[in-house]
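To begin, one chain is listed below as structure tokens, in the form predicted on its own.
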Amino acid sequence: MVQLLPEKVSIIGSGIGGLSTAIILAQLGVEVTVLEKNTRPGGLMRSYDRKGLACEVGVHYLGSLDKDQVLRKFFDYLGVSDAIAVDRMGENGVIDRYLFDSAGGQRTSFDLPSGLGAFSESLYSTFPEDKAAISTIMQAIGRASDQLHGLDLLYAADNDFSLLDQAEPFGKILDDLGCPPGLRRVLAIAANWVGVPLDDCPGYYHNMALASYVASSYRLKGCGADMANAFIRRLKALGGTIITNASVEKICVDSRKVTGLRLQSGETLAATTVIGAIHPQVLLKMLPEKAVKPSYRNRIRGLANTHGIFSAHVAVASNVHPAIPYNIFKVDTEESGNVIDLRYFQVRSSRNPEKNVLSILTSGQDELWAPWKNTITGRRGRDYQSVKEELAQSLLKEAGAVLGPLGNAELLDAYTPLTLRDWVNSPGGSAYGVLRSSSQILGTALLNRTAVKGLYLAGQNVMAPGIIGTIMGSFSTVKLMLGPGEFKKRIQL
């Protein structure tokens, strides 16, 4: 049965999920209005400036941008490929360098290369006694890669993962293969990219995340703000509208049908179709109590979320610390090979030829920010700033041990999970949204389908985090609106 798209759609949130959904619908002839609570659209895609240097938030690298690969297909359809300048990573043979500190005191390293073939060979040469396990793992990753780039999941009849095998935790898969700690710690990193512990990370999530990045890896030549602006320009060229400083307070519902939106300003907007490109728990708070059944409300409230992130951005002298064409992960592991914690280091060039930017990311360490969890940005006081500064300086010290003495390095800014919570309405400052774990697989199924007629969800919480997962979630929501058959006819990627 052919489902007709509405003439007008209102979208809450202007991150990559909201903007990509808006562009898809606008290209299908829908009149789209995007509402953004902040002064600038772009969400976590947008970088911000400190002392003339760009500080990245959510776009540190991009995977699968080669011709016929999944993100390139998405960007081509959205019409932004030519507007987003990128540099290829891995041309020196390395896209990531892993430095391991295990509980037993052993220190090892592993260079992640570009290309599944090169990755296989690197694993075989590093772990020659584990060729059988590596072969089995790489076959599964190869299947995930074929499904990902072939868009099998997106064009499947159902909006779920019934197409895919390996739904059990990747940690259990490694256990069953008798995977030793050395190999396990190398393979464990990809689970951290989607914010799920290895022993609860579905095999397909791990394999698709790894396959998408190893297939081809890129960095932005400019910054996240440039990428955000490319999406914004494209939407406006298609006739879409973006309204900033428009914080939605309530979704108006009558007889379980959307009727409009009420802003914090008091303004009311009529709307019969609304897409929330926001966290489902945030959207739930916007709904009247009786708009959905208690079972649905309890399901959404009970969802566990991924952890937060702490990040520091540092200006370093470019003649002492030139840009590094790969990322560095310093990883603490258990003797079993499971990851305890990690620090991510990236040194990139900037608009200032004398300065490069060192970005450091690590786990959010929520316990540090507990005293200020009931406060908002700008009202946390000097003690909060002191704790941020202390953690940032400890990370700088560790960066110096990895990269060499930082000399006159200057801390530009640091943000905590509370920063992300307030900026993009992410519950608890969760960096990757809903926890897409094996133990929560039923609770996270079909999140783009709500219990209210005319109300949908889009973005990273629909299918998976990351740029690819978020945009795929946007396409999936449009597929839900169109129906699988009509989607396949009208959207050719």
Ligand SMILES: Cc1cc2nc3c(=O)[nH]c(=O)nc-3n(C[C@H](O)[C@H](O)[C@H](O)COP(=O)(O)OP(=O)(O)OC[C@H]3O[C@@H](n4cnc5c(N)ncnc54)[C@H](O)[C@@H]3O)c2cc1C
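These figures come from a predicted structure and were not determined experimentally. A residue's number is simply how far along the shown sequence it sits, counting from 1.
Only in words, not in the display: the form predicted in complex with this ligand, which the text now covers.
Heavy atoms of L153 never reach within 4.5 Å of this ligand in the model of the complex, leaving it off the interface. Taking the partner from the other structure, this ligand in the model of the complex has no heavy atom within 4.5 Å of any heavy atom of L25.
Contact check for S247: a non-hydrogen atom falls within 4.5 Å of this ligand in the model of the complex. Although the partner is absent here, W423 sits close enough that one of its heavy atoms falls within 4.5 Å of this ligand in the model of the complex.
Proximity to this ligand in the model of the complex, defined as a heavy atom within 4.5 Å, singles out one entry of V32, V59, V434, L65, which is V59. Only one listed stretch (140-148, 247-255, 366-374, 297-305) carries heavy atoms within 4.5 Å of this ligand in the model of the complex, and that stretch is 247-255. In the model of the complex, this ligand lies within 4.5 angstroms of at least one heavy atom of each of the following residues of 454-490: G459, Q460, P465, G466, I467, T470, in sequence order.
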